[in-house]
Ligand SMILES: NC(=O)c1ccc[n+]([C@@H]2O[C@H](COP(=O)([O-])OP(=O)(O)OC[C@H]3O[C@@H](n4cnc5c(N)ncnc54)[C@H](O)[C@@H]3O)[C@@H](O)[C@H]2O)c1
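As structure tokens, one chain now follows by itself in the form predicted alone.
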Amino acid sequence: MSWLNLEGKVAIVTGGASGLGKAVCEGLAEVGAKIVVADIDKEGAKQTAAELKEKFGGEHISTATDVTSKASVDAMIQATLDAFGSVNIMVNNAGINIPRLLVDPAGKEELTEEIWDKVVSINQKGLFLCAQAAARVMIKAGNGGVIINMASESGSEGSEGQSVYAATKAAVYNLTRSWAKELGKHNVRVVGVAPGILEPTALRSEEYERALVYTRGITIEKLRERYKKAAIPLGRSGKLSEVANTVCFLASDRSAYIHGTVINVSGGKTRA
């Protein structure tokens, strides 16, 4: 038995096929949890589940899940129950970021209603649908559980060129606090994790960086220099595994009295 005592626990991770979500799947699988890799990328989710089995052993499945669709989320929950009989941990990781300016005089990278709706639907509505579906199962089972919501340090400070993303992540802070007040009486803990700047993922691709530097009127080189020196006291980007380790701790009973709060994992980063 490991220090975290997560062996045999059933964890759903949305957006689990790549990037931070995949790192979370690996972290939880390494300590013995049974993973449901839920992702809109069906083949990617299948591949990740297979890799988890090969690397860590244990039982792991995948589901093709669109977090913005209630029917798809309900199917994800049913597939989990069919395979494992319970849901102990729900990691709401699926998210998207599309840098845009509120007003772009050049007309190149301006926020549109379509982009607004897409980001809000995935980052906010998707979080709601998955948390609600998982909480229903946890309450009915009567054994408690943990819901972990992926926020961002930009959600507490705002972010130039990323207003809609930052707004959805600000919502995650207060959804986490509010649901904690509602679900605590059922022994379901609700916590959040707020990463800062991490090593490259789908959210920090070259395409994303090009759009972001345009909104800020700087070069990619200048942006990356800020990552290292001006913004982060530890002087480096975070590792995906460092966020995954935090998720594993919060999913375990070692953090049994941590509830209704968001843990910042950003190397001390601020906007100052």
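Not measured: the values here are computed from a predicted model. Numbering starts at 1 and follows the sequence shown.
FYI, the form predicted together with this ligand isn't displayed, but the following is about it.
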Partner proximity in the predicted bound form: Leu20 to this ligand, non-hydrogen atom cutoff 4.5 Å
yes
Next on the checklist: I'd like to check something about Thr68: if you look in the predicted bound form, is any of its heavy atoms closer than or equal to 4.5 Å to a heavy atom of this ligand?
Outcome noted: yes
Would you classify Ala211 as touching this ligand in the predicted bound form, given a 4.5 Å non-hydrogen atom cut-off? no
query: Should Pro195 be classed as touching this ligand in the predicted bound form when contacts are defined as heavy atoms within 4.5 Å?
result: yes
Given 82 to 90, 180 to 188, 144 to 152, 107 to 115, the stretch touching this ligand in the predicted bound form at heavy atoms within 4.5 Å is 144 to 152
Among Ala170, Ile96, Leu101, Ala75, just one has a heavy atom within 4.5 Å of this ligand in the predicted bound form, namely Ile96
Interface check vs this ligand in the predicted bound form: of Ile40, Ala231, Leu223, Ile61, the one with a heavy atom inside 4.5 Å is Ile40
